Every structure is written in structure tokens, then in C-alpha cells.
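Encoded as C-alpha cells, the following chain is the form predicted on its own, with no partner shown.
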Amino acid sequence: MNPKETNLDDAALPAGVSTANLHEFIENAHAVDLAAWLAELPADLAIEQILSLALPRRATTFSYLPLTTQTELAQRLPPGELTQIVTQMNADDRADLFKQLPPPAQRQLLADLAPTEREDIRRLSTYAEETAGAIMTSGYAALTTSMSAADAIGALRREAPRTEMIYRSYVLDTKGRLIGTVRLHELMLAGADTPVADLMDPSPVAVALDTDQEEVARLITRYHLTALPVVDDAGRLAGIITRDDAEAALQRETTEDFQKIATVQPFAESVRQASIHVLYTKRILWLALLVFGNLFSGAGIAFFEDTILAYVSLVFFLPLLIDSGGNAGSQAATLMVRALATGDVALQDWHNLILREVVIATALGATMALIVSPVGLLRGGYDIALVVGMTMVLVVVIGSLVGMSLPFLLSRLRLDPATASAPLVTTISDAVGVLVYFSIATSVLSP
């Protein structure tokens, strides 16, 4: 089908592309750019353009579409066309798509696939989300120690069409257990009769099927790997995780962490694609819960009503002090959430870190007290300045300790430390700060 014969109007064309050169863009554009354009089109027009591509380019472009778009289009494509595309996709990409399809579409796809692809997609789709098994691919190159360098290169030449990468091959024993890795350039530089056993690295870095995807990404970065092998409980090679797949998984994880830090329930769609209903439902729960949390602050203020009526000037400093405690807590929480996510700190480091945080927070609070105390002196005299200064030190220390400790507590409870978000820490710090402020004021200012 010629793309120029479609119903595309100028508004639907890619930037800088006219109807006259649309065909050239579709044929020559990078698959990533082509997929980005197709994702913006209505589903029927996107399918029309996808089906106009040659099959290998069709599958590559389809793989680059957002997963939500892939899922929508997959349910609209004729079964035979979908089967052709899925067969050409990388193993991990088609498993991701399969898991998003509704059960009837899954059954239809499995029935249409060849036995090899069918069993592969079933196996890859069984692993828990956000684990090594869920993001690995079965497209790897395997060698044996009985091979020579020449034999290995011949085997790689035959296996290349079905593998994602051949720059590093995996050496297996007769039971399929991983015993080493060998790089392509080592095979090419070695003599033809050199045994693979002499060229391989006998201590490969590998992970288990249930390893968290964040740990996978850390290992790939730490050891500068292009791919990381995944083994089962018996040490058999189950698949590999390529660097780009690990980075994509880490990007999704980071996006999810940012959503949690903002007290937004995670959602798969991009903000641009998400519906009003999705954005509302993902945001309202925590906002509603935090409203009830803020009621404790109001109750604290009501409890100290007599002190407030006697010293109205205290109200002037309330937002300043409460916000300072929340800001300090948010800083500490953000630092700890990120440090835990990157592996910079571990649960056992809490005891050492909390002592250091007390010192740092006290210094921060004292500095902020020196800044605000002169204002207290001008607004209410020496006693008010003393109350404000003492409160500033305490709320900053308390806020910092809450912000630093909450991520560790959530990790201990096997919850995501990113849930210790700025709004949550601020709400806790606000309630405690109100009690601290007016308790100090009542003690210092009472006759």
C-alpha cells in the first residue's frame, strides 16, 4: 500500500514532512521515529501504515511503540498479521505484549503461533513482574567447551538470526548449566583450532530468575556488561538480559518511584496518554488520606487555643516553623530513598546514619534558628524569640529523623521506600511540629 493514498491530513503528518515525501519518510526513517509518529495517529490509520511496511521493519517498528499502543493495535490487527509481527519480535518484547492482552486474545495468539514461539512466550510470561525472569530474553548464543574457535564462529553464524546479540556467547555444559562466557572478538582473534574452554571467562556474573530488576541494572552497570545471564536454581541458563532492556526496566522503575514520591499511585501510561479518569483515580487516594493526616495538626492547634489567644504573635511563625520541619524531612527522605535505590546504603547502615543525621540536623536547625530569632525578637520580644529558636531546632531535627528513618522502616517491612514521599513526611512533620511548637510556647510563656 502506498502511504500517499491514505486519509492522512497535514495535521497528522510528521514534523517537516509533507504528503509528497511521506512515503520516503516511512521507508527511511529510523524505526524509533516512525513508531513515535504512529503512536500519535488514530488506531485505524496507524494499522494502515504498519501493514504497508515490509515484515521485518513492521515488527521492529511495532516493538518500539509504547506497550499500551501495542496492546490496542494488537487487538485490532487481523490474527494472521499479528502472528507474523509477534513471530518476528524479540522474545522478551513479545512476552511483554502477550501479558497485556486480554485472555481471549492470548488464547488466539497462542493457537496461531508455531510450537517453538508458543512455548517460549508461555515460559517468559510466567515470571513475576519486576524480576530478572520477567525482563530476560531467550535469544542468546550458546557454545560448548568441545568446540574450537572456528566451530564456535560457525555456530554463531547459524544462530545469529534468532539471537539479540552475539558479541558475548554463553558456554554451557551437557546439562545446560552456565560455566563460562566468551566474547566474539576473542573467537575471531584466536587460532581456528583454539578450544573455547581456553578462551572463556570461567567465572561469569549471573543472577537468579527472581532477582529484582533494579539489582540487575546495578550489576550491569557495575561490571560494564552488554548482557547479564539469568540462571535457574540448578544453574541452567534460562535467558539473558541485555543492557538496553535493563535500562528500560530501570527507567520504568525510576518513573514509578517518582510517582510514589509525589504520592501518586503508579500507572503504566505516559502522562500524555493517560485519561482524565486514570490521572484522577491515581492521585485522589493519597490526597484524601493526607487530608485526614492534616486533621491532627488542626487538633493540636485547637488543644492549645488558650496559649494562642494569649500570644497571638505565635501564629505569625507557625507556617514558617512547620514548613521548615517538613522541608528538612523531605530533603532527608529524598536522599535516603535514592541511596537505598542505588545500593549506596543498606538497612544495616541505619544506626550509623541516624547518629550522623542528628548532628547534621541540629546544625541545620541551629543555623535556621539564628536566622529567624531576630524576627521573633522584633515581633514579640525575647520570650517569643526563645520559643521560635528552640522550636526551629527541634522541628528540623524531628523532621530530618522522620524523613531519614521512614524509608528504612518501609524497606524493613518489604514495602517500597519511595512511598516515604515528601507529602507523607511533611504531613507527619506538620502534626508533630504543631505539638512541639505550642508545647514549648506553653512552657516558656506561662506565668
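Counting begins at 1, following the sequence as shown. Everything numeric in this text was worked out from a predicted model, so none of it was measured.
The protein also exists as the form predicted in complex with a further copy of the same chain; that form is not presented, and the subsequent description refers to it.
Each of Val32, Ile284 and Ile371 places at least one heavy atom within 4.5 Å of a further copy of the same chain in the predicted bound form.
This chain is drawn without a further copy of the same chain; in the predicted bound form, the residue among Thr367, Thr145, Thr87, Gln75 with a heavy atom within 4.5 Å of it is Thr367. Residue-level contacts in the predicted bound form: of Leu189, Ile354, Leu110, Ala128, one residue has a heavy atom within 4.5 Å of a further copy of the same chain, and it is Leu189. Within 4.5 Å of any heavy atom of a further copy of the same chain in the predicted bound form lies no heavy atom of Thr391. Proximity of Gly298 to a further copy of the same chain in the predicted bound form falls within the 4.5 Å heavy atom cutoff. Interface membership of Asp349, defined by any non-hydrogen atom within 4.5 Å of a further copy of the same chain in the predicted bound form, is confirmed. By the criterion of a heavy atom within 4.5 Å, Val291 is counted among the residues contacting a further copy of the same chain in the predicted bound form. Of the candidate stretches 318 to 326, 135 to 143, 228 to 236, 117 to 125, only 318 to 326 has residues whose heavy atoms lie within 4.5 Å of a further copy of the same chain in the predicted bound form. Shown without its partner, the chain has Arg243, Asp244 in segment 225 to 245 as residues with a non-hydrogen atom within 4.5 angstroms of a further copy of the same chain in the predicted bound form.
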